[in-house]
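Below, in structure tokens: the form predicted alone, a single chain.
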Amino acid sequence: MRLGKIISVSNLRVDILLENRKIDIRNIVYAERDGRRDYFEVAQIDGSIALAIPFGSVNGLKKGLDVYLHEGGLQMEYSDRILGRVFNAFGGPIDGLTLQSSCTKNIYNKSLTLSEIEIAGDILHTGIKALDFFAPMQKGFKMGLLGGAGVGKTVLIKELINNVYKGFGSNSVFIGIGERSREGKELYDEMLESNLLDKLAIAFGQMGESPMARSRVVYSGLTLAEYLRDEKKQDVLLFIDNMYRMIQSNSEISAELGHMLVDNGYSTTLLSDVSEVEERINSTENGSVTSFQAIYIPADDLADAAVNALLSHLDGQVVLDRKIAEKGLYPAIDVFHTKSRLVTPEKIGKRHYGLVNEVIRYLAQYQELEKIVAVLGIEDLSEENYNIFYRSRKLRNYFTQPMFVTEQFTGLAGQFVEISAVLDDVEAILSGKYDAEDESTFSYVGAINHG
């Protein structure tokens, strides 16, 4: 259906003079030139002018081209053929393989109603000591992975894909928002080598692509997850890296539309943009969606408006700290800011709850003792503080872990550690059972052999 003509073209926006008003926000339209089609999404309608965001480059577009409605809107494959495949933000395969489409679905699905949402779920163990101890989770949880650049967020996500699938048995979806092309290829190759690719569907809106691609890939990826949950009735693992990039791309689009930006250049629709996505990540009686969402922290500022908007929807957070990473401690988890709403005596039991609090108490005291030792030396510590100092160092080292996805780089075999073993080990360290052991023996090991 013909809608009108292009009257203005810029890098991130195309203005269309409408002759047919039967058009809505988020409709997909296109113009034809030289045997190809250029697609745009309608973002705003001002009277007889529609402002649309192009899917890709606008090079070669010009005023006067006719614009037509693309029936059905933006579609994503909605069948078993999503597994083992890599899609772009607009539903097209980018893994070099053909796709015999059997069923598609519009990516702008409505959020679940209150009656459809199921919140009860079983405990979900990851085999990663620091996560299962300090930030335990259950099926259907939304967990944030926070940290600046280079602190290990992506490595932790890859390890979760590897570990949780082995114990979980269901399929996963990975959404790459603003990913480097190299990182996407690495993930694809690693999943292929691990024989996990056929259990995974991937959607990428890569760093070098348009803000439209980076903004919309999350909706395409959610459609993949909803197929597994609603049609296959599975418990789905959803990995998103990086949610902050979605917010950035939305701000770029808002600026191009002439909207006023607020608070560090974020869109005025920041809260509603985040809510629209997060409210689709839910569990039903058919299956659960457990999400791990990597969140970049600009300037390492946890008070950033975008970070706070995302955190308000999460059930817990895992914070990765650069200072810890600089000490060679991986995963570089900041235990003081890492948390889960599951950490209560009723949810995880009095023993686990008590040990978490005791470890945090030890590590907090260790930070104070470090300052004293730096000035006065270890000899001036009381026996109690001496024990706290060295047991804390053993605990700090114990929560490092050799990972399966880094075996080829470190030469250390990955370890999956049961939470029961972690509780036993922590209890033993706190009780003084290993006071005679050197702290280095606790670095990058799995469970300790209690002999």
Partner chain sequence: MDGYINEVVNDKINAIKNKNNVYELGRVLQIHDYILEVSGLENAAFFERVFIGNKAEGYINRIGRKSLTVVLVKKSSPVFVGDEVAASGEMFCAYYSANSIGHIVDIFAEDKLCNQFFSGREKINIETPPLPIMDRTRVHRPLYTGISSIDLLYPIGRGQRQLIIGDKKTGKTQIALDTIVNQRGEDVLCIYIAIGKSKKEVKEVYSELFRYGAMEYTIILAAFQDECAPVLLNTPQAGISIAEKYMLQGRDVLVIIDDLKKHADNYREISLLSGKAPGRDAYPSDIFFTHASMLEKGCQHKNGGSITILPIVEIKNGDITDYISTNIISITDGQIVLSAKNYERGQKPATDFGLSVSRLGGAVQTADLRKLGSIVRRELLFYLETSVVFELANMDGMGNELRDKMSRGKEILARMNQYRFEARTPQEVVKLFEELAEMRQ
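Computed from a prediction, not measured in an experiment: that's the story for all the values here. Positions refer to the first chain, counted from 1. We call the rigid core the largest set of C-alpha positions that still match within 1.5 Å between the two forms.
Just so you know, the form predicted together with the partner chain exists too; it's not on screen, but the next bit is about it.
- Note on the partner interface in the model of the complex: the residue among E370, E116, E279, D122 having a heavy atom within 4.5 angstroms of the partner chain is E370.
- The contact with the partner chain in the model of the complex, taken as any heavy atom within 4.5 Å, belongs to Y188 out of Y188, F168, Y78, F90.
- In the model of the complex, no residue of the candidate spot (I157, L271 and Y362) has a heavy atom lying within 4.5 Å of the partner chain.
- When contacts are judged by a 4.5 Å heavy atom cut-off, S10 counts as touching the partner chain in the model of the complex.
- Remark: P211 counts among the residues lining the partner chain in the model of the complex, judged by a heavy atom distance of 4.5 Å or less.
- Although the partner is absent here, S431 is not a contact residue: none of its heavy atoms lies within 4.5 angstroms of the partner chain in the model of the complex.
- Of the heavy atoms in H70, none are within 4.5 Å of the partner chain in the model of the complex.
- Contact annotation: the partner chain lies within 4.5 Å of heavy atoms from the stretch 290-298 in the model of the complex, the single such stretch among 222-230, 351-359, 129-137, 290-298.
- Contacts between stretch 238-276 and the partner chain, counted in the model of the complex as any heavy atom lying within 4.5 Å, involve R245, Q248, S251, E252, A255, E256, L261, N264, G265, Y266, listed in sequence order.
- Taking 2 Å as the criterion, L61 counts as shifted between the shown form and the other one: its C-alpha moves by at least this amount when the rigid core is aligned.
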